[in-house]
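A single chain, nothing else alongside it, follows as C-alpha cells in the form predicted alone.
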C-alpha cells in the first residue's frame, strides 16, 4: 500500500526548474533513502511530500487522498517533518519544545489533555532525551538538539516521518544513535523517508534508495542494486571504490585515489 505518492510533479523557483516531472511512491512501513549531489532537488522533494511546498503541476497523494484536499492540521497528524537545521530563538525547555508537536491536535485557548502528555512521554522516550527533559534547548549540543527535534516530530504521532539530513554536522556517535533510533521506529511500523548526503549511512539503514540528479530520479532500488561505481561516477563525477560492509553485507563507498 502506498502511504505517499508523488505523481508527475514539477516545481520551480521563478524560472529555475528544481523538480522536473518526478513520480515517486513511498510504501507503508518502508525506510526510504533519497540521495544525490548538491542541487539535485532532494530537499525540495521532501518539502513537496509533506505539503510545505505545492507542486506547480502534478499531484501528491497521502493514503490515496491528494494533499490539496486536506488541511495543514490533517496532514500534520499523519506526516511529521524534521528539517536539516532548526534554530530556537526562545530558550524553551526540552519538554516545552516537544509539546509544540501537539499543535495539530490542540484547540485554540484549550489546555493540554491527558493524551497530549502521553504523546510527549512517548516521544521523549522514543528519542532518548528523557535525561534532558528540563534542560533549556539552547544549552544542548547539536546532536542532543537534533534528538529533541525528532521527539517534537514524534509527538505529532505521525504515520510518516520525513527527515532532511538528520545526521548533518554530527559526530560518529550521534550519527549512529539517530539512525539506530530511526531503524527501531521503522521496525515498530513508522514509515520513514530520509534525505542523506552520507551514502554509506543511507546504504546501511535504508531498504530502498532513490537517486536524484538535475531534478529527476535517475535510479531506484536496493543499496546493492543502486550503489555501483559506474552510476556514482556518472552522477557525482567522482571515482569511487565499492566494498561490502563486513556485518551488513551492503555496499560502502571509498574515494578512489591514484
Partner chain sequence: MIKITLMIIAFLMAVAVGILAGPAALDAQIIQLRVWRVVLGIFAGGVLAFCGCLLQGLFGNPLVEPYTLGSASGAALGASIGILIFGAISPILAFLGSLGTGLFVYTVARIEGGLLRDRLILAGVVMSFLCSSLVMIIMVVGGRELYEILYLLMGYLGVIINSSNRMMIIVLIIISLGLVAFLYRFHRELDIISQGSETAAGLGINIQTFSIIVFFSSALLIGLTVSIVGAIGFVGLIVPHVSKLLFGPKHRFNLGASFILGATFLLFADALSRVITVYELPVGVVTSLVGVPFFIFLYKR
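Positions refer to the first chain, counted from 1. Since this is a predicted model, take the numbers as computed values, not measurements.
What follows is about the form predicted together with the partner chain, which we do not show.
Just one listed stretch, out of 171-179, 184-192, 127-135, 91-99, contacts the partner chain in the predicted bound form at the 4.5 Å heavy atom level, and that stretch is 91-99. Under a 4.5 angstroms non-hydrogen atom cutoff, the partner chain in the predicted bound form has residue 83 among its neighbouring residues. The closest heavy atom approach of residue 107 to the partner chain in the predicted bound form falls within 4.5 Å. In the predicted bound form, at least one heavy atom of residue 47 sits within 4.5 Å of a heavy atom of the partner chain. Although the partner is absent here, residue 76 is a contact residue: one of its heavy atoms lies within 4.5 angstroms of the partner chain in the predicted bound form.
Shown without its partner, the chain has 152, 156 in segment 130-161 as residues with a non-hydrogen atom within 4.5 angstroms of the partner chain in the predicted bound form.
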